[in-house]
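In the form predicted alone, a lone chain appears below as structure tokens.
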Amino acid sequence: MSYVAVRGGAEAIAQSNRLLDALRALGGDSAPIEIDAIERQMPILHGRVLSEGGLYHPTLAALALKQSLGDPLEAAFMLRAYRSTQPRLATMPPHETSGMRLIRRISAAFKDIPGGQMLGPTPDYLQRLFRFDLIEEEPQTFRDIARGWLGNLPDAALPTSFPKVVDALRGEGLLPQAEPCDGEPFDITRAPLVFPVPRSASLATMARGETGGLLALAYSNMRGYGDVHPTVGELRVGYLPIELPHPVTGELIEAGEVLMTECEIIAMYEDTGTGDKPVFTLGYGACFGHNEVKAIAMAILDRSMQASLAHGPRNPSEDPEFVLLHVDGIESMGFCTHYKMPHYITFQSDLDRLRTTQSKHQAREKETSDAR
């Protein structure tokens, strides 16, 4: 049975839209929240929308959060819908992330790493206790915080780049050498996922996947439904310079930079039985914005799906088809919320079938009773 269009209810829908907008204005005497405030003061939420929307446009990501009343899935939906209307002007060549301008860089594998650990902005070492002083925060408080931080910066200039931890392990022969990727990466925006898919398709799908979905599947692997018990070789947060070919000369020029999170996890070595020297295995995750949980979960799932190539999937988190078709938040949200739409015809069919079945059941009971 197919769906049919239903006419009517336009005035009710228009009033519903007005009420949704009024919900923001009727909440009190507070001033409208500024787009810049969303971007600057909620960078974690803002970065999640950038990542899941698949478009690096900080202003529109903040606008989407404001328009959706803070719903990150709806905001990412808006951003991805806008992206689909824009022309494709150029293709970015592969970038080397060692050139990131870092604001945070840690390793759980070694205490001392080349260039040193850089804790950066993180709540990892805070107790989860309320700071009640933030309830009455004033603009002057912001100015005092900024003045106090900028007045205590070290005189020595920070390094512009840091070496990769995994490069040191490769130098010792403890990790496999990186294989060159000469082929075209899979474009998930233009081609459907037909399994099996290359690793580039898996990484691209997870890069704009929903944080909670990725975390749930990675967590299932970590707690026993899989074999990946990783060590974070390196976790980086910073700004990656973006280079594009000049439209006339073809020479690469820097067009800007994007904030991103990158994670490389080291998993236990596997004896393949082929006589090759055993080495650690590696999982990779990267996404727009400051989203460390997503990058780590993505790296774990990347490793688990790579492991399934040798012996086939033994659990859901190792099955590329299961993982990649269930981590897109916009698709899963759309399928979930479509149940709110009118299903009058299909439900009427269910009612008719149930009533018919009940009538037959009652008739059989009556026959049995009469026979007795």
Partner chain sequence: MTTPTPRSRWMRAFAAAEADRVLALAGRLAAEHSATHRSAPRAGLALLRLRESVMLDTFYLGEIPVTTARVALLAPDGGQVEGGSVVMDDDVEFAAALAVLDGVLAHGLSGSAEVRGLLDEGQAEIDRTARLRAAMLSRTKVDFSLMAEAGDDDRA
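Given the structure is predicted, the values throughout are model-derived calculations rather than measurements. Residue numbers count along the first chain shown, from 1.
Just so it is clear, the following notes concern the form predicted together with its partner chain, a form of the same protein that is not shown.
Notebook entry, point to check: Which of these residues, A191, A216, I145, L252, gets a heavy atom within 4.5 Å of its partner chain in the predicted complex?
Noted result: Checked against the cut-off, the match is L252.
Notebook entry, point to check: Of these, V197, L73, L169, L244, which has a heavy atom no more than 4.5 Å from its partner chain in the predicted complex?
Noted result: Partner contact (heavy atom, 4.5 Å) among the options: L244.
Next item on the list: Would you point out which of 323 to 331, 310 to 318, 339 to 347, 51 to 59 contains residues with a non-hydrogen atom within 4.5 Å of its partner chain in the predicted complex?
Entry: This holds for exactly one stretch, 51 to 59.
Margin query: Test of understanding: in the predicted complex, would L240 fall inside 4.5 Å of its partner chain by heavy atoms?
Written below: Yes, L240 is a contact residue.
Notebook entry, point to check: Just to confirm, G212 within 4.5 Å of its partner chain in the predicted complex by heavy atoms?
Noted result: Result no; G212 lies far from its partner chain in the predicted complex.
Margin query: Is P123 near its partner chain? Define near as a heavy atom within 4.5 Å, in the predicted complex.
Written below: Result no; P123 lies far from its partner chain in the predicted complex.
Next item on the list: Look up in the predicted complex whether Q67 has a non-hydrogen atom within 4.5 angstroms of its partner chain, and give yes or no.
Entry: Q67: no contact with its partner chain in the predicted complex.
Margin query: Under the 4.5 Å heavy atom criterion, name the residues of 248 to 266 that approach its partner chain in the predicted complex, in sequence order.
Written below: The stretch 248 to 266, when checked against its partner chain in the predicted complex, contributes V248, T249, E251, L252, I253, E254, A255, G256, E257, V258, M260, E262, E264 at the 4.5 Å heavy-atom cut-off.
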